[in-house]
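In the block that follows, a single chain appears as C-alpha cells, in the form predicted on its own.
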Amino acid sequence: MKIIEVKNLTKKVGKKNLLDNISFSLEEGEILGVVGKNGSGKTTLLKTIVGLIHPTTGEIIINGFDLKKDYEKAIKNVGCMIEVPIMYDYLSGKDNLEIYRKMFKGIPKKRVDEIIKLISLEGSEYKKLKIYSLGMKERLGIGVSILNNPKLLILDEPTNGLDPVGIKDLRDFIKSLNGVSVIITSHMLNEIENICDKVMFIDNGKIIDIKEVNHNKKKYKFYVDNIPLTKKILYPYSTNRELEIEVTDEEYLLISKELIKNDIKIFKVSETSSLESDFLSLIGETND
C-alpha cells in the first residue's frame, strides 16, 4: 500500500525552481533517505509534504488523501520533526509530552507512557528538560512527532549534534517503528545507508536518482602487490576499474582466499560506503 505519492511537485520563487518536477512514492513501512548538498531542496521538500510550504504545481497524496483538497485527513496520520519542537526547560520530559498530547484529539494519557518507553527515557521522564543531553532532547522531539501514531514520519537531520551512542540509539529506534513509513534527511551518508531501504539523491531541486539499498552487500577496496592478477580475480565483482568490489560477507571470504591462494600480498583492505561514492559521482563534493 502506498503511504505517500508525490507527483510532479514544483515550487517556484521568482524565476528560481526550489523544487523541480519531483515525483516519488513510498510503500507502507519503507524508509526513504533524502540526500543532497546544502541548498539542494531537501528541507523545502519536507516542508512542502507537511503543508508548511505551498507548491506551485503538483500533487501530494498521503494515505489516499490529496493534501491540497483534504488537508486534515491527509495530515492526520503524519508525524514530523523538521525543527526540534519548542520545549519547556523548567518542565519534565513527561510534562512536555503531556502538553503536546493535549494538542491532538482523542489521544489517551497512556500514550505518553508508551512514548517514554519507545524513546528509552524511562527513569528520566520526571527530570527537568534543562538537564537532558542533546540526544535525550532529540529523542523527546521524535516522541512528540509520533504521539498521534503516524503512518508517515518525516525527520529532517535528526542526527545533528548527536554523539555516536545517540546516533546508534536513534538508528535502532527508527528501525523499531514497524509499519511506519519514514522520510529522513541526513548529511551522515553511512547512517542513511544503514537505516534506509532506498535513497533519493536530489540536486538543485531535481531528483538525480533513486537507489535501492542492499544491506547484504558491502564495498571493499584492495591494496595489493600484483594488480593485474588481482583485477582478473576481482573482475566478476568489480564496481569500476579500481580494485573495488561490492559483495556479501561470504563472497568477500571466498575472494580473500583466492587472492592468498595466488600468492598475492594484501597490504590493506578498506571498507567504503557505496552511498558515499554514489553521492560524489552523482552530485559532487562542493556545497551550494
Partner chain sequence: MIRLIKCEILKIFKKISFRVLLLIILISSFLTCYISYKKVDNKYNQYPIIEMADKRNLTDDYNKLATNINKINSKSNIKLNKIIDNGVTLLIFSSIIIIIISSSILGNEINKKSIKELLTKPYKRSKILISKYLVVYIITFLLSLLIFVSYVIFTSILTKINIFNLKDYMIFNKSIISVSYVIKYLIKYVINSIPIYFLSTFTIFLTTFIKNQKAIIPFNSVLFIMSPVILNFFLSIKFKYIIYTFIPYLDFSIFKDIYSIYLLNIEYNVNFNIFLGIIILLTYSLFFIIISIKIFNKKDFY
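The term rigid core refers to the most C-alpha atoms you can superpose between the two forms while keeping them within 1.5 Å. Treat the numbers as computed from the prediction; the structure is a model and nothing was measured. Residue numbers count along the first chain shown, from 1.
The protein also exists as the form predicted together with its partner chain; that form is not presented, and the subsequent description refers to it.
Q: Hey, with its partner chain in the predicted bound form, do Val13, Tyr90 and Asp95 all fall inside the 4.5 Å heavy atom range?
A: Checking in the predicted bound form: Val13, Tyr90 and Asp95 are all within 4.5 Å of its partner chain.
Q: Check each of Met136, Val112, Ile82, Leu189 and return the one that places a heavy atom within 4.5 angstroms of its partner chain in the predicted bound form.
A: None of the others qualify; the residue that does is Ile82.
Q: Here the chain is shown alone; which of Ile233, Ile60, Ile53, Leu243 has a heavy atom within 4.5 Å of its partner chain in the predicted bound form?
A: None of the others qualify; the residue that does is Ile53.
Q: Taking the shortest heavy atom distance, is Glu212 within 4.5 Å of its partner chain in the predicted bound form?
A: No - in the predicted bound form, heavy atoms of Glu212 and its partner chain never come within 4.5 Å of each other.
Q: Give a yes/no on whether Ile167 approaches its partner chain to within 4.5 Å in the predicted bound form, heavy atoms considered.
A: Residue-level check for Ile167: no, no contact with its partner chain.
Q: Just to confirm, Lys76 within 4.5 Å of its partner chain in the predicted bound form by heavy atoms?
A: Yes.
Q: Though only this chain appears here, would Val144 touch its partner chain in the predicted bound form if you measure heavy atom gaps against 4.5 Å?
A: Although its partner chain is absent here, Val144 would touch it in the predicted bound form, with heavy atoms inside 4.5 Å.
Q: Want to guess which of 158-166, 97-105, 192-200, 173-181 is within 4.5 Å of its partner chain in the predicted bound form, heavy atoms only?
A: Stretch 97-105 is the one.
Q: Establish whether a shift of 2 Å or more occurs at the C-alpha of Val182 between the shown form and the other one, with the two forms superposed on the rigid core.
A: No, because once the rigid core is superposed, the C-alpha of Val182 moves less than 2 Å between the shown form and the other one.
Q: Lys218: CA shift of at least 2 Å between the shown form and the other one after core fit?
A: False for Lys218: its C-alpha shift is below 2 Å.
Q: After the core is matched up, is the C-alpha of Asp169 off by 2 Å or more between the shown form and the other one?
A: For Asp169, whose C-alpha is compared between the shown form and the other one after core superposition, the shift is less than 2 Å.
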